[in-house]
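A lone chain, given as structure tokens: the form predicted alone.
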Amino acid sequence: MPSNKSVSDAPITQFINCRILRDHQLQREDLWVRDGRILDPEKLFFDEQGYADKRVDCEGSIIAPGFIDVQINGGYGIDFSQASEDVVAGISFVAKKILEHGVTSFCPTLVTSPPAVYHKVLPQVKVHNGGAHGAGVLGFHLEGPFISLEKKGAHPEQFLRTFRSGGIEDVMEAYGSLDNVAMVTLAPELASSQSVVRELSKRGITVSLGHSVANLAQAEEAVKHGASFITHLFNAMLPFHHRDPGIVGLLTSDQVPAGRTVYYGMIADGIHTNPAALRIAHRAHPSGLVLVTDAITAMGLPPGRHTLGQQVIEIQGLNAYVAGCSVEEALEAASLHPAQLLGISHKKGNLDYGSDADLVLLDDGLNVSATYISGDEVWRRGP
């Protein structure tokens, strides 16, 4: 029987015997879900005299908000930057597979590509919610082509671009459309970049700084115009120097406008970033840490030769871990902070009443045991 016809016919699920991440700490509390959202049990009991239709025994597990990955280039043999005939199928395949990692929403990421790739790929994938079919798509992250030649990393040099027409026209010419784009990574030292930062921010697109030789003043200027993220901190940027710390200096800059936070992505695999460097960044600016996989085609595949956009690269296995922060901080860096960065923390990235019931159940070793989207189980580890 439905619990509360006065409010909703939808069944109520009660997660019991769990520790839930709320208000920055793990609390021994039950979690109540109805209609895909997290319920306030006090209102349920006192206003509706409601009760649970279904109980899920979490057996002491941690319940955290579903993970949000804002930088993932592909995986399991799929490369989002390859303009295949059926881009949707590739993204859907990865979306389904990443449920086992606790990822409930993500930004498919395209590395520097020729305009024809953007024009073909971008219109095919719409922002949509997750479910049993896979993690939800929050919009594309376009990493390039407006980046520094000197810090191009694995990006193909022949497709790099500058703002030669003076701004947003160049962006539209390269991408074709900004529909379903959530984030753009660019180098703020490029001429006319500041007007692009301002225009993208005005359109609700998150601007990230990366693959850049910008000094601190140029980075601060970009933040004043609306930039709010640093793509894979320390990688593909000038190294920290005490006279001019470059983009890294944004973590402690006094020029960030009041009320604004600059977030920074970190690939916590012990290879891209030494754990000591990760600890320095986290201690300097803990509320800005966003954990990203920066996963490529090779995720989920054996070591060997794999593609990244138009390049072929060699992979020899990665081990992911978080160094130097508490369990709560690590979980928030994979959920709350990316949601805040993208401006969706009113509904995702936390377990507040009214938020989407996108959940991940983990053991004390932070191994994922089950993933839920909108309160429905979408993946569970086998016995």
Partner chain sequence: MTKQTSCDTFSSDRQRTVTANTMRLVILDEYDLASEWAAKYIRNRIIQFQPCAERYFTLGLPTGSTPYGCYQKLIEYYRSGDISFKYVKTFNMDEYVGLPRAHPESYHSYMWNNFFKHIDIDPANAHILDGNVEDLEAECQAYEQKIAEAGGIELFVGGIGPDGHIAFNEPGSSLVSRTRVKTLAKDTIVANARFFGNDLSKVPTMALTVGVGTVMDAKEVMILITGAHKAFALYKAIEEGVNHMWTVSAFQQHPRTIFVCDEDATLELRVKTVKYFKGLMHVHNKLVDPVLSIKDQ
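Positions refer to the first chain, counted from 1. Small disclaimer: the values here were computed from a predicted structure and weren't measured.
The same protein also exists as the form predicted together with the partner chain; that form is not shown, yet it is the one meant from here on.
- Only one of 342-350, 41-49, 325-333, 60-68 places residue heavy atoms within 4.5 angstroms of the partner chain in the predicted bound form, namely 41-49.
- Within 4.5 Å of any heavy atom of the partner chain in the predicted bound form lies no heavy atom of D35.
- Of the heavy atoms in D53, none are within 4.5 Å of the partner chain in the predicted bound form.
- For the stretch 128-148, the set of residues having any non-hydrogen atom within 4.5 angstroms of the partner chain in the predicted bound form is empty.
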